[in-house]
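Here's a solo chain for you in structure tokens, the form predicted on its own.
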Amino acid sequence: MQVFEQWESNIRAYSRTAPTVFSTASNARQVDEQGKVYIDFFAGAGVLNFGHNNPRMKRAIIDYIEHDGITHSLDMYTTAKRAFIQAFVETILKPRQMNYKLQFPGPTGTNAVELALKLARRVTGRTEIVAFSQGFHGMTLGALACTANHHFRKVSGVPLNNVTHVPFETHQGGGLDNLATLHSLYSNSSSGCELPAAFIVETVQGEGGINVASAEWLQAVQALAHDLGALLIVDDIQMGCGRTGSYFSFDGMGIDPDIVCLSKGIGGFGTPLAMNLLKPEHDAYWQAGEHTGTFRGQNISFIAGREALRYFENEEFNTQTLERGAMIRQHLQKIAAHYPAHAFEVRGRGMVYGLDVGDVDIAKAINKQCFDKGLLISLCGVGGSVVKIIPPLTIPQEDLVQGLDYLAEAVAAVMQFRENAYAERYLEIHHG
């Protein structure tokens, strides 16, 4: 690892909690250059919904390259893009009776958010965006202004303006009553509050701590936005593409977003792709070339993404996701029940769950123990007190069970160490 430590920027982060050099990977397993196998409960922060080196996607990509398929094309037409669009419309949009235009911005999630904010402001002629506490929407300046995390915001170097942050449903001060208060404020022309262009929300806050919004609250957010003449933007970048047990995380929740931001899992193979779904009446505000970029629509990702869509041609895959999600919840609840005095909390939907241990040091110790055992996890929430479980949706059941067992062992080891340390400290104080 000396090469990385000597030459790579000090900003590297994930490598500090996983200090090894990985060489190969398949589905939910990664192998380092020493031959140690790790079960992956991180999945590229939600990018690898279909596992590492998915064989169906790999074969399709190899065939495409061997036949000299177009790799880079700006926003020009290609056979790969056409196949992806047709499959997305037939498999995802038409069965839901959705009518959206598809726009491909730059290849990352933050590009999708920047585009959404720009268009919302263009459509409404307003500047202010309403975002929610503990939300994460990206690292470029517009998206970062919507991101709530102080750790990320403080390094921007400039004021992060034109965004109002209000409490998410599950946070102190949040809920339906708070939305009613916002409605009163925005409806009062002498309240001093500028009418917003859009509300941007995650149905499940991934980086914010796996905080889950209810359908009732999301419907109220949409109603508030539309009453005010604002747009509703759903950031489905981490929770879309099947993560919650349906293709969109808002499926069946009674909302109809004006703009949907997608990225991460949509490219299927781990290659970059982002896409925005836009209501046609909003898309009509664009003029040709007003939002551009060199890597809009990556053809290798279109090839892999088209294969990914085959998983959603029937409900079998979603049913499996929900079944395995129930297994994750059951295992985490069992872990939490062992430590009632610590009030561990389990939150999540589908195959994304958080074990909130309420203590950053405990969470960090669990993370290290997991890595030592051969399990890759991540931390999220305020300060990183939530152990995040987001494995590939394709993970074999035996790997899922083994990984959950590793997690239980890691938690037990950390809690036992803390209890022993407390007992030793107690004896020192009271018995000299």
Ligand SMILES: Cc1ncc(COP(=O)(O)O)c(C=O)c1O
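Numbers follow the displayed sequence, beginning with 1. Since the structure is predicted, the reported quantities are computational estimates derived from the model, not experimental observations.
If you look for the form predicted in complex with the named molecule, you will not find it shown, but the lines that follow are about it.
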query	finding
Any non-hydrogen atom of residue 238 within 4.5 angstroms of the named molecule in the model of the complex	yes
Interface membership of residue 110, the named molecule in the model of the complex, 4.5 Å heavy atom rule	yes
Residue 168 within 4.5 Å of the named molecule in the model of the complex, heavy atoms	no
The named molecule contact in the model of the complex: residue 136, any heavy atom under 4.5 Å	yes
Among 82 to 90, 102 to 110, 251 to 259, 121 to 129, the region lying within 4.5 Å of the named molecule in the model of the complex by heavy atom distance	102 to 110
